[in-house]
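Only one chain is included here, represented as structure tokens and corresponding to the form predicted alone.
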């Protein structure tokens, strides 16, 4: 016979030893807050609910790619040093610099971003985030044109149409569609059955596999986004004949259907990505899209159209908020005499013109991502890298300062892709008593004072 008292005792003991905790994942900008981990004493035993990006984030804890000690480059090889020497060397490199630049900052907490801005102010440096080549440009246009935004909750509860324009969310933000397209909301209780999906892209991506019979797939010619947007702007304001041959590679029938949806749907959510960031011809498609949304919201009889930028880095939006609050600018900030000054420079122009003598790279890998000529300029000057994993930038940095993984080994604030602030929790202790990005930057700042 099974002893019930024994079973109760064993289950109680297991419960004491293993805890089930609900956490937020910092694998991407979606910041999923429904991840479950099973923690046994001080270790994570199991993770439930993550996508591949989230799994990769947690795998970083024990990855061979992990940086566990401060390193300094001597005779073209890296040597371990202690933290006192590492911080002193960082301060020495900064003090010897006249034109320092700080870059990255989209994969760290808001607290760390604030400390980085304080350092840039203290040393009269130039600071820029990954958003300067991504969604930061959208906010620049929005400051002049205006922007109608929405949260994920708005999309879930209200949207009857979701448009993916130049963004492959299935691979870049894997769980996004499961949340906004397949979820049932307050006013859309039938979920996927009532919501229509439109995808506008130059080729079929993995996201097209989600399309159903009611949805609309629009394959346009490369660099023709701006032409299509301008056509829609004109048609929505006045009677305008649709050409028999269509526009931008889209046939007349699909154009008529697209226009009907834009003018008659209740709540349209447009999600865009990198495809609309670069200029096309003499114009900028993102600027034109913001103008189109403004026109649609003026002429639509019901509902509204909203826009959301889909950035990849988990706290890219956070830097925009912190920088705006501290300096009045969301990117490309130059300090002189402790004050931010007007400049047309970006991190790209700074590196192209070699207008710097030291780079402090935080939580990113520009050597792998920038064009070869720019990476060559970046590698020609002294560099401090602050990161938790090895990368192309790691291979050429002069001083490397490792950090804890935010949302796993330390806490911090981050902003979700829809500009909603989310608190990330600490789950386990970092190895080797490694500091958080925020604390490390704070220590550097204190030594500079």
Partner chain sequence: MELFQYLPQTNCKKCGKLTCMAFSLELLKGNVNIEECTPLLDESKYQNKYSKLKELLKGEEGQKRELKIGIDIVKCDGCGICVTICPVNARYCYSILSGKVADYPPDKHQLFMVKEGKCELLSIENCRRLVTEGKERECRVCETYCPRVAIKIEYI
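Computed from a prediction, not measured in an experiment: that's the story for all the values here. Numbering follows the first chain given and starts at 1.
Below, we turn to the form predicted in complex with the partner chain, even though it does not appear here.
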- Among 320 to 328, 204 to 212, 115 to 123, 92 to 100, which stretch has residues with heavy atoms no more than 4.5 Å from the partner chain in the predicted complex? 204 to 212
- Item | Joint contact, 50, 175 and 178 to the partner chain in the predicted complex, by non-hydrogen atom at 4.5 Å | yes
- Report yes if any heavy atom of residue 41 sits within 4.5 Å of a heavy atom of the partner chain in the predicted complex; otherwise report no. no
- Should residue 36 be classed as touching the partner chain in the predicted complex when contacts are defined as heavy atoms within 4.5 Å? yes
- Task: Flag residue 299 as yes or no: does it have a non-hydrogen atom within 4.5 angstroms of any non-hydrogen atom of the partner chain in the predicted complex?
- Result: no
- Message: Residue-level question: is residue 433 within 4.5 Å of the partner chain in the predicted complex, judged on heavy atoms?
- Response: no
- Note on the structure: Only hit among 304, 233, 294, 184 for heavy atom within 4.5 Å of the partner chain in the predicted complex is 184
- Would you kindly say which of 171, 256, 355, 84 lies with a heavy atom within 4.5 Å of the partner chain in the predicted complex? 171
